[in-house]
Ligand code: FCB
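Coming up is one lone chain in structure tokens, specifically the form predicted alone.
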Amino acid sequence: MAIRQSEFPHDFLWGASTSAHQVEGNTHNQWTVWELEHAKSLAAQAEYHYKDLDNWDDIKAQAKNPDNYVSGSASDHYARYKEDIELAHSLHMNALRFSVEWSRIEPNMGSWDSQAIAHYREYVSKLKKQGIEPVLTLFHFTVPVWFSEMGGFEKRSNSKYFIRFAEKILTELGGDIRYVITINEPEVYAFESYHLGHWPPGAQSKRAALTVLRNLISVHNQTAKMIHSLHSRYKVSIAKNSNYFYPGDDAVLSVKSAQAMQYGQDDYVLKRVVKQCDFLAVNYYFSHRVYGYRTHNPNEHVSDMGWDMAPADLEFVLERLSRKYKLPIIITENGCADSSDAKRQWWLKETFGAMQRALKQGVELQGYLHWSLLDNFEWDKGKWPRFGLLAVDYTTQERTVRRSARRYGEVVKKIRRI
């Protein structure tokens, strides 16, 4: 990875990301209820969904096992966070994105769990002692059961409960937090949970999906205003996943379709929240090549999940968002499912090159957080996708630093001149 220190700001954030439900283990929220109800059907459908993957023979036993779809202990990060943070430090990271599990903090409406609050206070303290900047996420797809039973984000009137939770967390964690992400990928949550029905509550309604998306936009704006009123130190954003759409030929339909898809992907949400963002939190995983009004990707490189991998296209995402919204950018998720660790180094090399080129074009890029620090529970896919810089043995919970992670750490050490 040919990369020079001078091309990155001296205070650049180098690190990784996690989310509570995907790594902590032993949660009780709307997802854990749904998992138990749907594990058998997800296992039964696995061959239909995944048999065309190149690695099907390697994953089929796990993918066809109902236990795969129950998060259970996940990566046991709630108990092992000190070890994991120390491993992040050993890889020379100076930032870690994590989420606070609302269902732990407020298991029953209006009832705060002091032990859970103390845990996250200790978590942040551990990060700070290791010289790692905490990047806090408030909503990463999971909510308490009681909130879900009230209609969740389908009802605009329920927003006050989330804003109250956000205020409680920011008040409790105090001055150790600077960066706050309110909502993770609002359109993904709305689309998967309320349109496709792949995620809880399993609705299949375009109207409900649009309602939830609009409500999440409102929730971000209200929450951001509240956070800014608490203290001027807070830097607030919404984590927006951005795919890059490009025409595969010069046909007018291809060009116009790509533009329309890009607007739907990015701008519908961003133009409605940007005034309440201090920076753009960008999640990038893949691009889409458009012919006519359909996408048809080259698939020269694919991840274990069958996603077309085009990490170099991150450059175009960064440049477009920077030109349009004129805000600093932190990459808050970026990575690939790669259980054999055969492609992750290439992914990182291509990604760093894209970041360098974007910086040269004047993009105010402030950080890179790789997804993920740990192998994690990948929602309705379960535990077979492996995104982690740290491999996790789900039987023993033993951590192994992957070769790509060591290389990432070496590059970061060189850039930071540690």
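Counting begins at 1, following the sequence as shown. Bear in mind that the values here come from a model prediction, so they are computed numbers and not experimental data.
Beyond the structure shown, there is the form predicted in complex with the ligand, which is absent from this document and is the topic of what follows.
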Within 4.5 Å of the ligand in the predicted bound form by heavy atoms, the stretch out of 26 to 34, 355 to 363, 39 to 47, 373 to 381 is 373 to 381
In the predicted bound form, is there a heavy atom of the ligand that lies within 4.5 Å of any heavy atom of Glu101, even though the partner is absent here?
no
Tell me, yes or no, whether Asn215 is in contact with the ligand in the predicted bound form, where a contact means a heavy atom of each within 4.5 Å. no
Look up in the predicted bound form whether Asn283 has a non-hydrogen atom within 4.5 angstroms of the ligand, and give yes or no. yes
Within a 4.5 Å heavy atom cut-off, is Tyr368 in contact with the ligand in the predicted bound form? no
Answer key, the ligand contact in the predicted bound form at 4.5 Å (heavy atoms) among Phe191, Tyr81, Trp307, Tyr161: the residue is Trp307
Only hit among Ser287, Thr223, Asn184, Ser303 for heavy atom within 4.5 Å of the ligand in the predicted bound form is Asn184
Restricting to 380 to 412, the residues within 4.5 Å of the ligand in the predicted bound form through any heavy atom are Phe387
